[in-house]
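One chain is shown next in structure tokens, namely the form predicted alone.
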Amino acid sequence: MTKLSVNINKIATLRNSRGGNNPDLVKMALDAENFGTDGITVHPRPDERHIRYQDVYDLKPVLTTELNIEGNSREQKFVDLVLDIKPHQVTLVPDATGQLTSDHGWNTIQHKDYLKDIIRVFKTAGIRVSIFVDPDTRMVEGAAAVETDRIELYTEAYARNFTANREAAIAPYVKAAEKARELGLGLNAGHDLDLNNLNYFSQQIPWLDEVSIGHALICDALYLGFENTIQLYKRQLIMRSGL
């Protein structure tokens, strides 16, 4: 079954807006685990505008599910953090410094040498590596060539086009996912997946290993409650046509 990893960046954003420790990020992460999530995702950035580096140190010893750390591996502070923490998974994203949110995948052909070297650094430390890629079979082939363990399909385009034409929106993702499976790569997905589009995505790509969802899930929790929202998202991942 596809795993759900809850990205808690937005909880950290709310906490940071007033200072102090309300909401308590660690407690919220532990609550998410108790409510059924399969993992916790954090994406620390250099300005620490949401997740702080200390948050990651606070979370690691208390979490009982998988910890996924996303970030820009060209920042040495990020590399040092990951090697020190040794999470279950590191997800490499090609963010620019100061970027608001991730908005594209790696060009795995252009950056082949760099990616191969940095992936080796993390894998040597025993950390599973996933890299952010767009739904392009050439980029998936490039990802296999740099010896990553998994790819994470960047799903913003799918989410943007889902309402107008869901069949057209999913088509490049199915092709990319099939190529990943053919090449023996694990498969994650994330960005703008929500209660409206997640089930269809998981139906069309049932071999998906994991989705990482933060913004939409936290927004839904304001209306539906945190525990209920996590269960609703998990339900989208197990519902299949005809069941």
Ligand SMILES: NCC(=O)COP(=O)(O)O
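Start at 1 and count along the sequence shown; that's the residue number. Worth saying up front: this structure is predicted, and the values here are computed from it rather than measured.
Omitted from view is the form predicted together with this ligand, to which the following refers.
Engineer: Should the pocket be classed as open or blocked once this ligand, positioned as in the model of the complex, is overlaid via C-alpha superposition of the site (3 or more ligand atoms within 2.4 Å of backbone or C-beta atoms defines blocked)?
Structural biologist: The site is open here, because this ligand, transferred from its pose in the model of the complex, meets no backbone or C-beta atom within 2.4 Å.
Engineer: Taking heavy atoms and a 4.5 Å cut-off, does residue 37 contact this ligand in the model of the complex?
Structural biologist: Output for residue 37 is no: heavy atoms all beyond 4.5 Å of this ligand.
Engineer: Are any of the heavy atoms in residue 192 no more than 4.5 Å from a heavy atom of this ligand in the model of the complex?
Structural biologist: Residue 192 belongs to the contact set for this ligand.
Engineer: Any chance residue 52 has a heavy atom within 4.5 Å of this ligand in the model of the complex?
Structural biologist: No, no contact at 4.5 Å.
Engineer: Since only the chain is shown here, I'm wondering whether residue 215 would be in contact with this ligand in the model of the complex (any heavy atom pair within 4.5 Å).
Structural biologist: Residue 215: contacts this ligand in the model of the complex.
Engineer: Specify the contacting stretch among 184-192, 22-30, 55-63, 201-209, defined as having any heavy atom within 4.5 Å of this ligand in the model of the complex.
Structural biologist: Result of the contact check: 184-192.
Engineer: Taking heavy atoms and a 4.5 Å limit, what residues of 50-79 are near this ligand in the model of the complex?
Structural biologist: The one in contact is 70.
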